[in-house]
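In structure tokens, one chain follows: the form predicted on its own.
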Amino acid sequence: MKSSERNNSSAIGLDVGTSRIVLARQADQGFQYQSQLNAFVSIPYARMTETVLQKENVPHVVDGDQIVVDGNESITFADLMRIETRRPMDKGFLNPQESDNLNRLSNTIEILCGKSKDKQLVYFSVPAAPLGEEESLTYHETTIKQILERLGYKAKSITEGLAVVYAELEDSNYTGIGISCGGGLCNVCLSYLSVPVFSFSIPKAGDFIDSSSASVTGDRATHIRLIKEESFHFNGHFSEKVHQALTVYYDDMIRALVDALKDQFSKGRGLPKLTRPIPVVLSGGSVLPGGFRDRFENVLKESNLPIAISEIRLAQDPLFSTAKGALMAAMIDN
């Protein structure tokens, strides 16, 4: 969608990720984003705690002798209490191990979106089905659509990789490869003139890095995540075991992602004839550590991908790229 086509719209975009849910709206000077962690934690009930959470506008519900804290503050409480956060979603889809997953996910979505009184259009992200597990998408997609419809919205889905293409590849007429490395999955889409050629996902992403690092360091995955977000970067000489583990499992994720991408190209069925090199754009929270782009580029070059790449770059706002692309799809369809 060209800049001249972007008119004021009440449509919204929603990135429903394993780790974080992001809402995108159009603002006077561009785009506006809000986000909440897609996580919760239960803490012991105390009247004082409930009162303070109300004063601080921390999303929570009282459940018997527990207070369930949703969203951004959940990770802080989990770290303070030395416990893990709990997730409504796992590896990109609704978490079957959490009996309260629908209520928790619905609550966080309502915190961000509110209720629509006039059937606002919302495009929400869904993952591409992991390779070999195509049937796993239907229930997840239908459930999120129902949550949004109960809040009064007209809801449509868009795959995460294609949303990244819409958000970041206008200059190449939406031809290129959009990659989103999130918490539960890495999503990939090859697009030709805005038409998805293939999309897929792999289950090695941020949560895989956290849990794998925790298993070899004896730490908690929630604490590993905090370290990763606050201080980890590539190309350092780390004596600390946590940073060494993060490097190892980041490399594992990147190589698995590149191998899967190469495998898709090697199948070659239905691929367009590309007359010029195409760009690759990297988004999602797992691409934020310093040096990620360079490490990815080095591994991609080693793979001898059977296609010419013009550039590899980070999204302008990696955490918000999927939500922005979903919003752009909604705006042009509104």
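Computed from a prediction, not measured in an experiment: that's the story for all the values here. From 1 onward, residues are counted along the sequence shown.
What comes next is about the form predicted together with a small molecule, which does not appear here.
The three marked residues, Lys156, Leu162 and Lys324, fail to reach the small molecule in the predicted complex, with no heavy atom of any inside 4.5 Å. In the predicted complex, none of the heavy atoms of Val122 sits within 4.5 Å of a heavy atom of the small molecule. Remark: Pro127 does not count among the residues lining the small molecule in the predicted complex, judged by a heavy atom distance of 4.5 Å or less. Taking the partner from the other structure, the small molecule in the predicted complex has a heavy atom within 4.5 Å of a heavy atom of Gly17. By the criterion of a heavy atom within 4.5 Å, Tyr250 is counted among the residues contacting the small molecule in the predicted complex. With the partner omitted here, the residue from Ile43, Leu288, Leu274, Val58 that has a non-hydrogen atom within 4.5 angstroms of the small molecule in the predicted complex is Leu288.
Stretch 288 to 296 is the answer when you ask which of 24 to 32, 288 to 296, 46 to 54, 64 to 72 has residues with heavy atoms within 4.5 Å of the small molecule in the predicted complex.
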